[in-house]
Every structure is written in C-alpha cells, then in structure tokens.
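What follows is one chain in structure tokens, specifically the form predicted alone.
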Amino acid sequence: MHKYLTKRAIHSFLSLAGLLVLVFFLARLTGDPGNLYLPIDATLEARQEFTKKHGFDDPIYVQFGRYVSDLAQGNLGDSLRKQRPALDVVMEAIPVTLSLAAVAMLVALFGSIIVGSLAAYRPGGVFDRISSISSLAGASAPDFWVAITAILIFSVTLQWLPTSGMGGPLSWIMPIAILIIRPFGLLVQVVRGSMLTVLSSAYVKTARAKGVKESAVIFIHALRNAMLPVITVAGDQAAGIANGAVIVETIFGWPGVGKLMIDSIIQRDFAVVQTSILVTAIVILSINIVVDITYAILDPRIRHK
C-alpha cells in the first residue's frame, strides 16, 4: 500500500510540475501587461519603470527561474490588478468553486446510483430504455451549449431563474444542473452495467433463494460489489466537474476560481493565473489520490501493485 501511494504521489508531482511550466510560458504569450495597466499615453519611461518593477524586462528564462525560486519558498507573487498576494485572491474564490462542485458531484453520484440500479433491475424495460437514452444524451451534450440554452429558456423566456450571480437558492439550480449532466449520464451507464453483472452472480441468486427482500439484494448485497468501477469513474468525473466549473462560473457569473482564472487571463494577471491553476490542480490531484486510496481499500489486490 505504501509503495503504491508513493508511486501515485510521484506521478502527481511530475504532472503538477509539467503543468506549471506549461502555464508559465503560455501565460506570457497573451501579451505585455503594461498595455492594460498603463494609460494609452504613458511615456516610455513609465513603461520601462513598470516592466522593471515587475521583472518583465528580464529574459523569459530568468523570469522562470525567479518564479521557481519564489515558489519553492511559498511565494506565489502578487496580483497586478488587485495589488495583493495572488494566493489570498485565489483562496477567497476557491470555496465558492468547491461548494458548487461538491453539491453537483453528490447529486450526480447518488442520483446515478439510484437510476442505474433501478434500470439494471429490469433490463430492457421502459425505465431502462428511457434512462439509457437520457443518460447517453446528457453525456454527449456540450456544457456551454446546454448552459446558454438553459439561460434562454428558463431565465429569458420563462423568467423562472436568475441569469447570473450567486444569490439565493434559485441561483444554484442551473449551474448545478449543467455541471451534473455529463457525469450523471456516464455514471448511470457505469452503475447499470456493473449492477447487471453483479445481479447475475451466484451469491445474489443465493440471497434471493433464501428469501432476502429484493430491495436488500439490490442496494446491500449487489450494490457494494458493483461500486468498484463506479468509484473509479466518479473520481474522474469529480475532476471533470472541477474543470467544468471554469465554463459554468464564467457563463453564470459565479465568483469562483474558474471565473477568476478566465478574468485573470484576459487581464494578463500572470500571478493569479498561475496560482489559480496551481490550486485547482492540487485539488484535482488530491481527489484522484483519495479515489486511489478508496479503491485500494475496497480491492486489496491494488495495494500490492
């Protein structure tokens, strides 16, 4: 188990390091921040002072070396726009994203377990066919298109829900619904397939022969053994929800780290871009490690790999 977790931690670290290198150099391709933060009629001296103050006059490899050195000391830089530590700016936004992603993941997971299990109970039935068609459609639908269509229907036409912002309970409905469409569709198919396999196994037939209630057979005996592939896919989808929050928060105007990331890219606030991606990546990698640990606990064979 220790060897397995060590290997996963090394892989996660290398992935994170590669991502940070890529983000650092790609962010610099967006242009000179001085064009945004200085007046149009700024003098050459003012521009030179700005670039020197923030270290933009150094060669790119020198800037990268300084970034790595500061990162090793826990210094993630200051926001150009807000004149505050970039980490503070990101940490103010991350709870909004995590709360939205957590609620969406819980709804998608528990909803898919119920729907997938009921679909597997009577394969080929009306409920099974409806749930299969709906889940496949949801898994294939582009998030941004569904979000824009939902705003047009439920906000503009029917005026049932707010178009944007993080206000009362109604403002949560569309962002959560958009985030769960794809993971819910995929998880329903995984739960259904896994449950069909388990329900045809010998120990389930034995439980039924002993007169165990059908609800207990499905949700206690069968579901526990069908959860291994579900946990794996759920971990991937949790990371996908965190990524999808970037689009959803931007469309619905949620003040989370996704919207902050997009705004910072547009505003060439390099420190905030790098920090927001770093924090998001750490969250996603942590989710994957937790999923790996859970999987290893449920399946002892994994611990010895």
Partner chain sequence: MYILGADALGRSMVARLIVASQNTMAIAASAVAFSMIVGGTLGLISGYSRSWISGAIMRFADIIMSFPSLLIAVVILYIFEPGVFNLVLVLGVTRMPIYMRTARAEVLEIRERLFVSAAYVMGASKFRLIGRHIAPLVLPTLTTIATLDFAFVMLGESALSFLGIGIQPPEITWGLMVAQGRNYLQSAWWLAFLPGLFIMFSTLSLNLLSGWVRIALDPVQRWRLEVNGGNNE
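Definition used throughout: the rigid core is the maximal C-alpha set that superposes within 1.5 Å between two forms. This one's a predicted model, so the numbers in the text were calculated from it and none came from an experiment. Numbering follows the first chain given and starts at 1.
Note that the form predicted together with its partner chain isn't included here; everything after this is about it.
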item: Residue contact check: L19 to its partner chain in the predicted bound form, 4.5 Å heavy atom; value: yes
item: Contact of T149 with its partner chain in the predicted bound form (heavy atom, 4.5 Å); value: yes
item: 4.5 angstroms heavy atom contact with its partner chain in the predicted bound form for F127; value: no
item: In the predicted bound form, G111 touching its partner chain (heavy atom, 4.5 Å); value: no
item: Contact at V89, P95 and A234 by its partner chain in the predicted bound form, all three, heavy atom at most 4.5 Å; value: no
item: Members of 268-284 lying within 4.5 angstroms of its partner chain, judged by heavy atom, in the predicted bound form; value: R268, D269, F270, V273, I277, T280, A281, I284
item: Core-superposed C-alpha of S200 shifting 2 Å or more between this form and the one not shown; value: yes
